[in-house]
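Quick heads-up: it's one chain on its own, the form predicted on its own, in structure tokens.
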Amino acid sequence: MTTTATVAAKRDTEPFSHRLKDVGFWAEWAALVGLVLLVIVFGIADPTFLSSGNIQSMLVAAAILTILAVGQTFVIATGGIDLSVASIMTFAAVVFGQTFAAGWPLAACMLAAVVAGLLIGAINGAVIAKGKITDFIVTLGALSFASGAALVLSDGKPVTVINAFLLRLSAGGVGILGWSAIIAAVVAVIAHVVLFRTRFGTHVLATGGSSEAATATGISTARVKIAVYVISGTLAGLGAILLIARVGAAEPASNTSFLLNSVAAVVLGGVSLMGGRATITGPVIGALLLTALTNGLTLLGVSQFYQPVAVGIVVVLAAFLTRFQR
């Protein structure tokens, strides 16, 4: 009988030229190949695309999406999905804005935003794991709840947030790497270590692979599911801080594009929507690809109405390629 390890070993010893002819090889590297092609095409079409200023702008723009995609990856790795991530970020931003307007210290406002995201994530996870309700329904309800709570709490009015530290966070950095991009990179590195170098990460992948088998081996799948939604909510709270630093205000209106793009980045990154198979590098590259696509189309003067169409086509193609992943 041929084992998975034997197949993997045989594949690794194949000549590289043979692997290039394998659709599965390209499926695994689709996000990176797509990003390289976009950089080449847009770089030729508009030299401004590869300017240091534009690269820095893209990295900062991709930071929030990267953080949300990392959180979404943990959830999807267990076979779930978090439809409330963008609304949680909006709610956390409003909590930040209201506490800031009330005169709280900046550190306390930031902590309040993160805790707000953590709490909603914990509620999502508890209802899904303990209530045995499907993640789609629970997070869809949380999406509506968080959006409504943000409007009620803010009375539908944005709060201007002007602070020297936040201005430095949004505009400063090291070279072409803005502080937001650096924070996103740190989050991605920590997530990679947690997912692939800790017992918890092993439990996450095992739960997504087969919840019944994981339970049979002594893994508390309920705790794992609660934990991944807590991670997603907490990172949404962190994303809210970066969003406020970028726009200079706490907006109560939810931006659904963050939800769609966070899932899209995960799909582009090759994470299995069925759970059990995940990567952190893939979704990060997926977030960069989506940001580069939007940025390039904007530079070329393509109407914003067509940009979601382009993103949708890319995501569907990526989902099609996942059928050939090995």
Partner chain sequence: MTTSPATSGTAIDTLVTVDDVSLSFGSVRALVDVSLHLKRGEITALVGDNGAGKSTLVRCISGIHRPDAGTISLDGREVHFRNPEEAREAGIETVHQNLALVEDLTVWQNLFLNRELVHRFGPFALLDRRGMQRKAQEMVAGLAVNVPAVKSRVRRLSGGQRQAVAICRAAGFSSKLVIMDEPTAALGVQETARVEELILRLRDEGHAVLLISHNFAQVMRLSNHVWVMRAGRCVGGRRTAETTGEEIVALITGAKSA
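Quick caveat, the model's predicted, so the values are computed rather than measured. Residue numbers count along the first chain shown, from 1.
Not on display, but discussed next: the form predicted in complex with the partner chain.
Against the partner chain in the predicted bound form, the set F196, L205 and R277 is in full contact: each member has a heavy atom within 4.5 Å. The partner is absent here, but in the predicted bound form a heavy atom of I219, alone among V127, A188, I219, A149, sits within 4.5 Å of the partner chain.
For the candidate set V115, A213, A253, A101, a heavy atom within 4.5 Å of the partner chain in the predicted bound form is found for exactly one residue, namely A213. Mapping the unseen interface onto this chain, G209 counts among the residues with a heavy atom inside 4.5 Å of the partner chain in the predicted bound form. With the partner left out here, the partner chain still marks one of 174 to 182, 196 to 204, 119 to 127, 83 to 91 in the predicted bound form; by a 4.5 Å heavy atom cut-off that stretch is 196 to 204.
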